[in-house]
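Heads up, the chain below is alone and in the form predicted alone; it's given as C-alpha cells.
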C-alpha cells in the first residue's frame, strides 16, 4: 500500500485522478483505519490532513462555512454552531466518545456516507451543500443529492469535498436531533431523527418543517410525505401522530444484528413524534393541542 500526504488540493486531486478507485482519502481515520484492519487494504492512502484551508468554522453569506477537516469536537465546542445551528451541534455532542470526537472530521463523516452518520440528517434538514472539486471543475452539491447509497456519493473516486455551506434557518425556527442506540452516544445510531420546524407569524400553524431520517434507508433521507402533511396546519396531537406514522412508512430499514426492521420503524415513529413536539414547543412556547 502506497501512502501520500499532499500539501494542496491540486496535488490531492492529481493523486485521485491517477489512482481512482484504488485510493482511499484519509483525514481523522477513525473509520478508514478500522476498515484497513478488518476489511480491505486500499491500493494507496491519501492523507489530506496537511492541506491548508480545509479546517475551520466561519460565517459566510447568511450561513456558516465549515471546512471538511474540522473535527467533531470543534463543532461541539463552537459557540457559533451551538447558537446558530443547534441541530448540528446536538448531533456533534452525541457523536461517539470524546476521544473519537477529537479525531473524527465532519468531512470524513459526510464522505463515509454511512446511512447512520450522525451529522448527515442535521445537514439534510438544514439544507446544507458541499463544495466539490474535481481535476477539471468545481461544483456545489446539495447534500439531499449527494448520497447515492451506503458508502457512495457524487464524489465518485476522483472528487474531493472542500467545504460545507450551511444556511441559517429562519430565526423563529427550532429543531432537535434525536438518536436511539444500544449504548447511547458511544454507539452508532440505530435510528437518528433530525427535525426543524418553523411556525407562522401567529405561532398557530406550521409554516415549514423538515424531517431527516438516518440509519433506516440506504442513504439518509428526508421524510417528504410527513413534512407535506404538516405544512400550513395547526399542530394537533392527531396530526403529530399521523406525521410520525407517515415518517415510519417512508423508512425502509433492514434487519441486522442490532435491530429488526419492524423495531426501527417503531423507533422512527416515536422519535419523529417526540422531535416534532419538542421543536414546536421550543418555537412557540405551546404544546401541540
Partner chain sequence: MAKAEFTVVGSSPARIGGVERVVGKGVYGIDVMLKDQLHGGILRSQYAHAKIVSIDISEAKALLGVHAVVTAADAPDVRYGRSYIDRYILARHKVRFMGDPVAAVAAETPALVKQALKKIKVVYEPLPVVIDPEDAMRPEAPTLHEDMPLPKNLPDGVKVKNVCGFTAVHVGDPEKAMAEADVIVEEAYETKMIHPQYLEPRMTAAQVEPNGRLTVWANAQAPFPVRQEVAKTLGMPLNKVRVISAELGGGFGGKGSGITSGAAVEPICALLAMKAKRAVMIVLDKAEETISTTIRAGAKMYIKTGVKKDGTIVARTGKVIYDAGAYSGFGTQAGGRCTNMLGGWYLMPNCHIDGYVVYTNKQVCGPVRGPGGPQAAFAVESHMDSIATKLGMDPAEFRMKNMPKPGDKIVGVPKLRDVSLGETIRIAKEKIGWGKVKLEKNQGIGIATGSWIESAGPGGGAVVKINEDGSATVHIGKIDMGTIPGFGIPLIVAEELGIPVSDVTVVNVDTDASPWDAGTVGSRGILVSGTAARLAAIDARGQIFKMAASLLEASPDDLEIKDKQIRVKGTPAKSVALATVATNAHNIIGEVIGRGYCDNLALMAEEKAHGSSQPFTTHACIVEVDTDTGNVKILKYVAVHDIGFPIHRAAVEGQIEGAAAMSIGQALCEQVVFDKNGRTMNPSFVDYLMPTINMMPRIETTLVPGYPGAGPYGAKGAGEIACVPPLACIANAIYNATGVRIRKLPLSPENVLRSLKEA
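Residue numbers count along the first chain shown, from 1. All figures in this text were calculated on a predicted structure; none of them were measured in a lab.
Absent from the display: the form predicted together with the partner chain. The rest refers to it.
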{"query": "Location of the partner chain contact in the model of the complex, chosen stretch of 84-92, 104-112, 174-182, 119-127 [non-hydrogen atom, 4.5 Å]", "finding": "174-182"}
{"query": "Contact residue in the model of the complex, chosen from 141, 200, 138, 187 - any heavy atom within 4.5 Å of the partner chain", "finding": "187"}
{"query": "One residue of 277, 267, 13, 25 in contact with the partner chain, assessed in the model of the complex (non-hydrogen atom, 4.5 angstroms)", "finding": "267"}
{"query": "Partner contact for residue 260 in the model of the complex: the partner chain, 4.5 angstroms, heavy atom", "finding": "yes"}
{"query": "Contact flag, residue 37 vs the partner chain in the model of the complex, heavy atom cut 4.5 Å", "finding": "yes"}
